[in-house]
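One chain follows as structure tokens, the form predicted on its own.
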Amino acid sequence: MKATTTIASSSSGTPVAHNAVPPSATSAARANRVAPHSHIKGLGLTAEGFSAGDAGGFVGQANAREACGVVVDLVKSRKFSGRALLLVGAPGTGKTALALALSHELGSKVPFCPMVGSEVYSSEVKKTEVLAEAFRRAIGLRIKETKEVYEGEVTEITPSEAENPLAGYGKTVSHVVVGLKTARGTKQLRLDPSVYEAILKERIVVGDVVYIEANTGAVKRVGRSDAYASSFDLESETYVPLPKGDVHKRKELVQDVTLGDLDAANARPQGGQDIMSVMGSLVRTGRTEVTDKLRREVNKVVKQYVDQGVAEVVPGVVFIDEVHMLDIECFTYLNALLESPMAPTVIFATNRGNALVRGTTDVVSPHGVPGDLLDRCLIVKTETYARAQIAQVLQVRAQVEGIQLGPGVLDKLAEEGERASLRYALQLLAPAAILARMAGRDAIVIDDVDEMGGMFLDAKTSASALAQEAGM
């Protein structure tokens, strides 16, 4: 098969040719894309809660990992809501990695809302609104609803037409007959014309597996029946097995939302379909400040759902990195948020020692956090990495990024990490690999690391050079 070429216009209006990329190349490019913490898979603890050595992508930090493991158990048992965990330690010791590992341990169904302390200084909404919104987005609501549905493989779609009473000529669809088949039997349904419009919108044809809600008439296409699957089919199609049981059944549907989603949905004004309403929605700003009255009404409805057994509240986690960037007003508001009935677990992280509390002129407190908020926190300290541990971290990152290290390179990079910082040593990996590839080598050699050290400065060397220039 020949590679096709498509013509697209660049931003300047000049036609640009793009060679079509095979799906395999695209998927390989996505697989090689890594993030700073893509090697973190969890806390790496045993079933008893002890550190399992260098597991889960972590190296060292045994005490901090075990402490976070206890917090995970507290969150799962719903006994840590409204409390706070403070991670303190030098830069590059894994505070953010611990918070991400904690979210991995809790699972994808538990809301995890990360933010940085400086995000609250927004010109669109108040500082307290940013914090309240983050807290609401970290509280999940799992709604369970039992619906009567018709489910099966479509065997027939026959619209029935009738004369349109509003027009002298032309016809309109009066009803549609849909045939559904399951492993147990078949059934013909006589449905409303609105269902036929939904079928056309979903592009449903004979052979598709669908389910239709009995009460609302909503139609959902699940996929193509695997009876139509063929090894020569080039279409990107999802094949599903033929449904079991009867065509008409009761099905439990579970939907996960957050209180922040409910707030935003109720705060957004619902305009009409006229041209002025549409244009107004286009020029309106994206951020809408939610009032406390609206949040109280949402909480009241949520409580009713929980009392009826329809919904379940799932407290999540708010992670605020660089918490010392918050000011005294934000800290005071955090105290109130932690005492609210619906409060998630809060994780703070900071690399400051004794520091001035932002927004004050004379209040110096440990980690730049006021004492009344510190009293609400369990504090976990991360340890500085030794040279051997720096080498292990570099080895893990090299494996994740697919970089081969030649003889002596790991020791050289570990030496640079001990002299400058772990982050500096990690940053040398990718450019050194590019330099090795340009030289026709698969592995990095020591000369590549030396050349990178001559091109890029670490923070300590740069600060030292500036101090020398200032003293001259």
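By rigid core we mean the largest C-alpha set that fits within 1.5 Å across both forms. Owing to the predicted nature of the structure, the values given are computational and were not obtained by experimental measurement. Position 1 is the first residue in the sequence shown; the rest follow in order.
Heads up, the form predicted together with a small molecule isn't pictured, but that's what we're talking about next.
The listed set Gly185, Gly371, Pro91, Gly402 contains one residue whose heavy atoms approach the small molecule in the predicted complex to within 4.5 Å, identified as Pro91. Among Phe80, Phe135, Phe331, Tyr385, the residue placing a heavy atom within 4.5 Å of the small molecule in the predicted complex is Tyr385. Put simply, Val59 is close to the small molecule in the predicted complex: some heavy atom of it is within 4.5 Å. Contact annotation for Pro407: none of its heavy atoms lies within 4.5 Å of the small molecule in the predicted complex. Although the partner is absent here, His39 lies within 4.5 Å of the small molecule in the predicted complex, judged by heavy atoms. Residue contact check for Arg441: none of its heavy atoms lie within 4.5 Å of the small molecule in the predicted complex. With the partner left out here, the small molecule still marks one of 187 to 195, 92 to 100, 253 to 261, 209 to 217 in the predicted complex; by a 4.5 Å heavy atom cut-off that stretch is 92 to 100. Core-superposed comparison between the shown form and the other one: the Cα of Tyr385 travels less than 2 Å. When the rigid core is held fixed, the Cα atom of Phe80 travels less than 2 angstroms between the shown form and the other one.
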